[in-house]
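The data below hold one chain only, encoded as structure tokens and taken in the form predicted alone.
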């Protein structure tokens, strides 16, 4: 036997083993970033993660391996904040409601008519108010917020047309809301009878009359085809909602400063992409809904705002808000 045969065989075996190892095991220098989101592929909140990946690959070539898991295929939606906190997941999006469970500071952002519009939302979260809140999230939850993505402005959609001008006109209307005390309180504060129902049951609920109305951003109304079982949109604009692009604090702390900067920049690029496209879609969607036969009505917004604000100020929910926070938010222009 040739003296070099064992060496050749050994080298061949090593090459064969490397071929079957996952990329992250071979390229030890790459940092694995897994992203879990409940968003479906056609949603801007899913597409923005592609922008994150592309931006990070361009800014830090060869340093990261970004894996995107849509449709809650890696972690269920409710499990993502805990997974981030434990360091079992690198990146995801979290809501104000998610954060408020451990950081009462964010409870104010689950209330109606706190944020006026998207520019107001972005100024609040990108300024000192957001910085203070995100610092608490980092310290108490082990989650680092990187950017604020616009989720949409919630409007009322009714299965049968009604003359809705003030909150009094919603009396007796069974308004579907998610099954939490915060969401149900918001529905009641609008003047309706808040009815808990899972999102997956809303379509049939509208079709059969189990509920009279639901509230969601209009892109969701189109995506879920609620317009097929509805006849009216009432533009209450009662909640300008957000999602926060977040990374596990453990993952963040493991990165070099230069890598942190690149990840932050990629998250901000993703948020801008989402915000621009979602706003554009909202501008165009009213025409689509009109074409589907829905009437579009604008009520007395001041009447709704005054009633909702009064309801919250007298509630136990507002007692958890830091003193002066609501006034500081309203003073941002």
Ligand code: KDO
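Residue numbers count along the first chain shown, from 1. Model, not experiment: these values are computed from the prediction. If you superpose the two forms and keep the largest set of C-alpha atoms that fall within 1.5 Å, you have the rigid core.
Same protein, other form: the form predicted together with the named molecule, not shown, and the subject of what follows.
**Q** Looking at 56, 269, 294, 39, which has any heavy atom no more than 4.5 Å from the named molecule in the predicted bound form?
**A** Of 56, 269, 294, 39, the residue with a heavy atom within 4.5 Å of the named molecule in the predicted bound form is 39.
**Q** With the named molecule left out of view, choose which of 180, 102, 95, 210 has a non-hydrogen atom within 4.5 angstroms of it in the predicted bound form.
**A** Exactly one residue meets the criterion: 95.
**Q** Only one of 114 to 122, 249 to 257, 185 to 193, 149 to 157 has heavy atoms within 4.5 Å of the named molecule in the predicted bound form; I'd like to know which.
**A** Partner-contacting stretch among the options: 149 to 157.
**Q** Find out whether any non-hydrogen atom of residue 176 is located within 4.5 angstroms of the named molecule in the predicted bound form, and reply yes or no.
**A** Within the cut-off, so yes.
**Q** Taking 4.5 angstroms as the cut-off for heavy atoms, does residue 220 touch the named molecule in the predicted bound form?
**A** Yes, residue 220 sits close enough to the named molecule in the predicted bound form that at least one of its heavy atoms falls within 4.5 Å.
**Q** Is there any non-hydrogen atom of residue 77 lying within 4.5 Å of the named molecule in the predicted bound form?
**A** Contact with the named molecule, yes.
**Q** In the predicted bound form, does residue 90 have a heavy atom within 4.5 Å of the named molecule?
**A** Taking the distances in the predicted bound form, the answer for residue 90 is no, it never comes within 4.5 Å of the named molecule.
**Q** Which residues within 100 to 125 place at least one heavy atom within 4.5 Å of the named molecule in the predicted bound form?
**A** Stretch hits: zero.
**Q** With the core lined up, does the C-alpha of residue 222 move 2 Å or more between this form and the one not shown?
**A** Comparing the forms between this form and the one not shown, which are aligned on their rigid core, residue 222 does shift its C-alpha by 2 Å or more.
**Q** Does residue 146 move its CA by 2 angstroms or more between this form and the one not shown when the core is aligned?
**A** Residue 146: C-alpha displaced by less than 2 Å between this form and the one not shown.
**Q** So with the core overlaid, does the Cα of residue 104 end up 2 Å or more away between this form and the one not shown?
**A** Comparing the forms between this form and the one not shown, which are aligned on their rigid core, residue 104 does not shift its C-alpha by 2 Å or more.
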